[in-house]
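Coming up are structure 1 and structure 2: the same protein chain in two forms, each one given alone as structure tokens.
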Structure 1
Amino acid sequence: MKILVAVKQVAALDEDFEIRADEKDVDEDFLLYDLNEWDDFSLEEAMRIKEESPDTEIEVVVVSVGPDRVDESLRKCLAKGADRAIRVWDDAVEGSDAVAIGKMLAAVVKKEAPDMVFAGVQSSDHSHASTGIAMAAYLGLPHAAVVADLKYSPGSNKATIRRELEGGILQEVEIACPAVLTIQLGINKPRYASLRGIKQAAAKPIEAWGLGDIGMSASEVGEASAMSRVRRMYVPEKGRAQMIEGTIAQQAARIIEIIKEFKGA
């Protein structure tokens, strides 16, 4: 049996930063990279299933789309117990949106043919919450988002999940397997990598795949094929609060004036 876990290396801002010259992103020199928080929980859920089923041979495979620096995050996953790590990249992938990344991950899933696919609900940098669902759409598999509890026996053709809805409501449903599940924070308690695990991970190979390895072409990825793109990134001007004095009628009149000024009336 095989569980595939899609992970992402996310970027966080340093205390001081500068916008790139093209105004489309932050200069990479001012970014700090780490494994996405949601993906820690996804990996832990896969490891939980593996460790609770000692009589079943289970392979946990992590996959990520990104350049060479992503190897550091993949090695963290290997140090926590993942069996294999795959990194997909090609220079043509630069500028791809979440949907294109989902399509690439779906191509990896088709090639690996896992019994279950996990991904984090969202990433801490972009928070689109769309990559996992896009992956499921391209695969045509049953899927569920914001999974807060999972009951699954390896090899079973169904699983029982509890997912979060709006307003703190939980919904319990049964889903056919294989399925794509996006995992929510708090479903488990992610482990720390042991010193032994870190040493073993350093010796494990990370499989580097290109677009050709997953049957895709450069025309399917990149900024040119993206359905959304960043037009401009900038630091907004800081304003000041203004206290409106006077009677209620005077305050209302002043608010109307401010709205008219804002609209250019």
Structure 2
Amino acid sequence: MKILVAVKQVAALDEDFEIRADEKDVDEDFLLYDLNEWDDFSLEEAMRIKEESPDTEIEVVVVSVGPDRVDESLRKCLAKGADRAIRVWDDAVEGSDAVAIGKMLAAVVKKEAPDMVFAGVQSSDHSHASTGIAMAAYLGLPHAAVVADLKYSPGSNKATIRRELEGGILQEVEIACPAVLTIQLGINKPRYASLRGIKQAAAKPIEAWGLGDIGMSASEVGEASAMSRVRRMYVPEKGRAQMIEGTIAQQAARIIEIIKEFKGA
């Protein structure tokens, strides 16, 4: 029994960041990296299934596409209890879009042949919300997005899930397994990875795979093969907020004035 969890190392912005000179991205100096918040939940879901069935041998494998720095996030996953970690990278992958990453992950899944695949609903930095589903599409596996609840006993050929829809509605779905599920925040309470745990996880190896290991070529990935490209990244101009001061009566008068202004009276 094997559960594969696809994770991503995301970037958070430091305060007072600057945009790169070519205006395509934020200057790398102002980025702080950490594991994507959604992935904390999808890994926890895998760990929950593993720990609730102590009699079944369940292997939790975390996979990520990214450069060396991603090892730090994978170690955090190992510290939380993942059994193996795989990092796929080739310099040619730089600039790939979410669909290409999904294709690479699908290739890993084919090789690993897990019984269940989890990914986060989206990443907090780029928010495409498409990598997991692209992976499912390449695999031709049943899939469900924005999963807020999961009932699954290891080895079973189906699972019952609840998906989060608009307006607080939940949709209960039965899905055939293996399946690809993108996991929503709040499905569980992710555990804390103590720093000692992370340090000790450094002893566990992280498997570094190249494109060759997953049977892909450089032409399938990278900026050239991407279906979209970034034209410009910028900070939009601030809105016109203003503080209204004075007595209550003065403030009220001013608000009426503004409303009238907007109505064009």
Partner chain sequence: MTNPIEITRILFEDFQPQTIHLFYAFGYAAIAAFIYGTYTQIRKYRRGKADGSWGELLCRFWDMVKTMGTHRTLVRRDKKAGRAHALIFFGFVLLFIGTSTITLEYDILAPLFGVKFWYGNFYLWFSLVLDIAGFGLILGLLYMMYRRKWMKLPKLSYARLDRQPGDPDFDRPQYRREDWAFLWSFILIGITGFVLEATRLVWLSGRPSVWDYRMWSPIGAALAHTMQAVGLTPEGAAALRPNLWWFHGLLSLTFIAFIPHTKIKHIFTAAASLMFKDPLAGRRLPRVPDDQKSAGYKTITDLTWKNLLHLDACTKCGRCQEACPANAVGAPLSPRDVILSLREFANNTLNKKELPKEAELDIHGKDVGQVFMETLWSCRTCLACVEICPVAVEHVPIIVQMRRNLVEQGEMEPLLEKTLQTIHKSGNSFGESKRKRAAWAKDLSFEIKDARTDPVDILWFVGDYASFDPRNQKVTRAFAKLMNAAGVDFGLLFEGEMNAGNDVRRVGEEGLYEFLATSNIQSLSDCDFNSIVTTDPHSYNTIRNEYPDFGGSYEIQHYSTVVKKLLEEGKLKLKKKLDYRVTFHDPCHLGRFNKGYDAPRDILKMLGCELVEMGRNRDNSFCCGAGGGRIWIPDPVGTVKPSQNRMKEAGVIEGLQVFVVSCPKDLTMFEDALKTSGYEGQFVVRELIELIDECMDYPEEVVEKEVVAESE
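Predicted model only: the values in this text are computed from it and were never measured. So that the term is clear: the rigid core is the largest set of C-alpha atoms that superpose within 1.5 Å between two forms. Here, residue number means position along structure 1's sequence, counting from 1.
Have a look at both and say which one is the form predicted on its own. Looking at both copies of the chain, structure 1 is the one that matches the description.
Quick one: once the rigid core is lined up, does Glu15 have its C-alpha move by 2 Å or more between structure 1 and structure 2? False for Glu15: its C-alpha shift is below 2 Å.
Would you say whether Met227 is displaced between structure 1 and structure 2, judging by a C-alpha shift of 2 Å or more on the superposed rigid core? The answer is no; the displacement is under 2 Å.
Honestly, after the rigid core fit, is Pro236 moving at least 2 Å at Cα between structure 1 and structure 2? Indeed, Pro236 is displaced by 2 Å or more.
So, with the core fitted, how far does Arg254 move at its Cα between structure 1 and structure 2, in angstrom? Value for Arg254 between structure 1 and structure 2: 18.2 Å of C-alpha shift.
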